[in-house]
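So this first bit is one chain, no partners, the form predicted on its own, shown in structure tokens.
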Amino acid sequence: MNSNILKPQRIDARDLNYRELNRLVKDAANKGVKNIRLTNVNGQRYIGTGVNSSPKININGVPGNDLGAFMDGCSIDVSGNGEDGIGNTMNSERIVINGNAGDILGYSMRGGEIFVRKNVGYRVGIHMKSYKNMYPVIIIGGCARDFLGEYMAGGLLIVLGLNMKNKNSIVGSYCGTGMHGGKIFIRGNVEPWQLGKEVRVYEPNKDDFSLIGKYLRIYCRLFSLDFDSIIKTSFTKLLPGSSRPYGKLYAY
């Protein structure tokens, strides 16, 4: 085995446009490099997009939109914040954001995991879907804004509301609007006016806590959090009221 592929490859993104940076990342991945470390990242988009080999990409800085889009093999760890469209239509592996993330995180996500330490923006988890052995998971450590889980068709969304300020709600309005598959778990309570009319509220059962615990243990290990103190708090379960909520709008 070539020893060079085992050594971390460092790429300084300062003054590089997104095309140059992504070419360097893909060249390293195609050579079989297992650990790619990017420094001075400042808004370059599409990092990790379409990378089908299996490096781990560590990012120091703030990556731009569509981080890890269509990702199918590599994993990404961001030391700070991320912008919009993280994990767009991703298929597998894991994206870890150690700060906040923007809007439409996990858009049409089909598999893999996205773990965010702090808050996220609007329309997170929109059109998430699962298929056969592909099961997408998003865990948000802080709060989410409006339209969480909009048109969600499968997978798992968990919002923890850690370190939440009193004036903030753990989720915004229209949560689960158009939802027709998957599960959403909110740590704490959600007011009826915050929910889309397509979702129903349930009390989590033993199997639900087993599912939550499976991924929450990984989340807590990554961010050095106390699993026991988080899991013992009450959760609200949201499920779709119908698998075809807008069926009456169509002519067939």
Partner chain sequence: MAKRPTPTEFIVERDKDKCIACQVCVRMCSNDVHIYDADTNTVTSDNSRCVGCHFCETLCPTDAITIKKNESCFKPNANWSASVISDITKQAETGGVILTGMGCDKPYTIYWDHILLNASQVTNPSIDPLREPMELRRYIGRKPDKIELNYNKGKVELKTKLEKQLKLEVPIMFSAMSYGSISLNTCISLAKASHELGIFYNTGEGGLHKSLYKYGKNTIIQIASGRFGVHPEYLKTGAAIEIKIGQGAKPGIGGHLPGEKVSKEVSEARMIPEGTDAISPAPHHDIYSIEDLRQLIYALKEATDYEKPVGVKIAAVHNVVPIASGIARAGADYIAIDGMRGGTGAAPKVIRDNVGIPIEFAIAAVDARLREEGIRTNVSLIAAGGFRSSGDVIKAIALGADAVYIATSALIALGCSQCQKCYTGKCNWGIATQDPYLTKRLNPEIGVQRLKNLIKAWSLEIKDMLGGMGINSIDSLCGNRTHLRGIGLSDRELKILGIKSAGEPQ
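Keep in mind that this is a model prediction, so the values were computed, not measured. Residue numbers count along the first chain shown, from 1.
Separately, the form predicted in complex with its partner chain exists; it is not shown, and the next lines address it.
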Identify, from the list 50, 43, 213, 204, the residue with a heavy atom within 4.5 Å of its partner chain in the model of the complex. 50
Contact assignment for its partner chain in the model of the complex, among 126, 158, 96, 143, heavy atom within 4.5 Å: 126
Quick one: which of 148 to 156, 74 to 82, 112 to 120, 135 to 143 gets within 4.5 Å of its partner chain in the model of the complex, going by heavy atoms? 148 to 156
Even though its partner chain is not shown here, does it sit in the model of the complex so that 89, 130 and 245 each have a heavy atom within 4.5 Å? yes
Is there a heavy atom of residue 70 lying 4.5 Å or less from a heavy atom of its partner chain in the model of the complex? yes
Residue contact check: residue 104 to its partner chain in the model of the complex, 4.5 Å heavy atom: yes
Please tell me whether any heavy atom belonging to residue 236 falls inside 4.5 Å of a heavy atom of its partner chain, as the geometry stands in the model of the complex. no
Please check if residue 26 has a heavy atom lying within 4.5 Å of any heavy atom of its partner chain in the model of the complex. yes
